[in-house]
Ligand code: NAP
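Quick heads-up: it's one chain on its own, the form predicted alone, in structure tokens.
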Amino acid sequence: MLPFARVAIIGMGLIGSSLARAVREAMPTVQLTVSDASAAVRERVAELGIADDVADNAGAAVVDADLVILCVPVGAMAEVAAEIGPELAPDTVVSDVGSVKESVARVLGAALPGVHVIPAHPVAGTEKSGPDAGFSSLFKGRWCIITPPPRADEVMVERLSEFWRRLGSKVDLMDAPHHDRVLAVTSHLPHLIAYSIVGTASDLEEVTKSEVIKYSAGGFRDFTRIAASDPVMWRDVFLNNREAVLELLGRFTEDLVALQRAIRWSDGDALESLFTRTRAIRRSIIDEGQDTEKPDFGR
């Protein structure tokens, strides 16, 4: 039996369009309705044929849906929730895919009283965006973290968990504040550092842009891949997870000063100790199956 029979996806960027494709592949009998704020995107999604219906607005898309997934920037959650609220059927589950959970749970909970709001975060993605960037295997073998609010309906939580498992995801449950702290370490701070490094490189007057591009070996090249991510999405992530990001940024700044001191004073032992410890982290990520030693993984 399918966990949900009628699914609505709001927002058809990379994640939303990948989700539509994955649902089509894994659960082909699900009635799938999608929408996007952009008329051009809606037209393209209709051309791609990845949904049963492309609605003109979010409110129309969620009529009769038993699962609604919001694939919009975190900053747009309140506006979308206000639009869909009057159209939601009883016992509908409303979820999302954002990488910040505490603020999303608060906003959706306030805007949709009486609705089963169960935030989620599939930890998957690329630097690409738009409906053409999506692909059905994006979530396979990746974690989806579900952050049920206190007193959430356990049956609904399990139905949402089974939905993600059918798409090939591994599911974990976590409270929203802890999720935001974990993701600040594993995703938000690395993105902030990538944006900063790429910005610094572009501002160096004595190094031309052509040289930066020409001689960008793996290190800088990989930073540019991260820094090419959707700017609106990441603006909202940092603004909505500011406490955890600022806390970790302070810790990172302290560690960076210590590293600077070791280089200045030629403390080779301190440098080697750090590099050895961090190398082991890389091995653990590969052993966990979240990356591979193959070159250019995921590109």
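The shown structure was predicted, so the numbers you read here are calculated from the model rather than taken from an experiment. Note that residue numbering begins at 1 and tracks the sequence as displayed.
As for the form predicted in complex with the ligand, it is not shown, yet the points below apply to it.
Using heavy atoms only and a 4.5 Å cut-off, determine which of 88, 74, 144, 184 is in contact with the ligand in the model of the complex. Selected option: 74.
In the model of the complex, the residue from 60, 26, 30, 233 that sits within 4.5 Å of the ligand by heavy atoms: So the residue touching the ligand in the model of the complex, by this definition, is 233.
Region of this chain that lies against the ligand in the model of the complex, out of 173-181, 219-227, 127-135, 157-165 [heavy atom, 4.5 Å]: One stretch meets the cut-off, namely 127-135.
Given that the partner is absent here, does residue 148 sit within 4.5 Å of the ligand in the model of the complex, heavy atoms only? Although the ligand is absent here, residue 148 would stay clear of it in the model of the complex, with no heavy atoms inside 4.5 Å.
Touches the ligand in the model of the complex: residue 19 (any heavy atom, 4.5 Å): Judged by the heavy-atom cut-off of 4.5 Å, residue 19 is well away from the ligand in the model of the complex.
So in the model of the complex, is the ligand close enough to residue 97 to count as touching (4.5 Å, heavy atoms)? It does: once the ligand is placed as it appears in the model of the complex, residue 97 has a heavy atom within 4.5 Å of it.
Looking at the partner-bound form in the model of the complex, is residue 153 within 4.5 Å of the ligand by any heavy atom? Contact check for residue 153: no, nothing within 4.5 Å of the ligand in the model of the complex.
Counting only heavy atoms, which residues in 1-33 are within 4.5 Å of the ligand in the model of the complex? Those in contact are 10, 11, 12, 13, 14, 15, 16.
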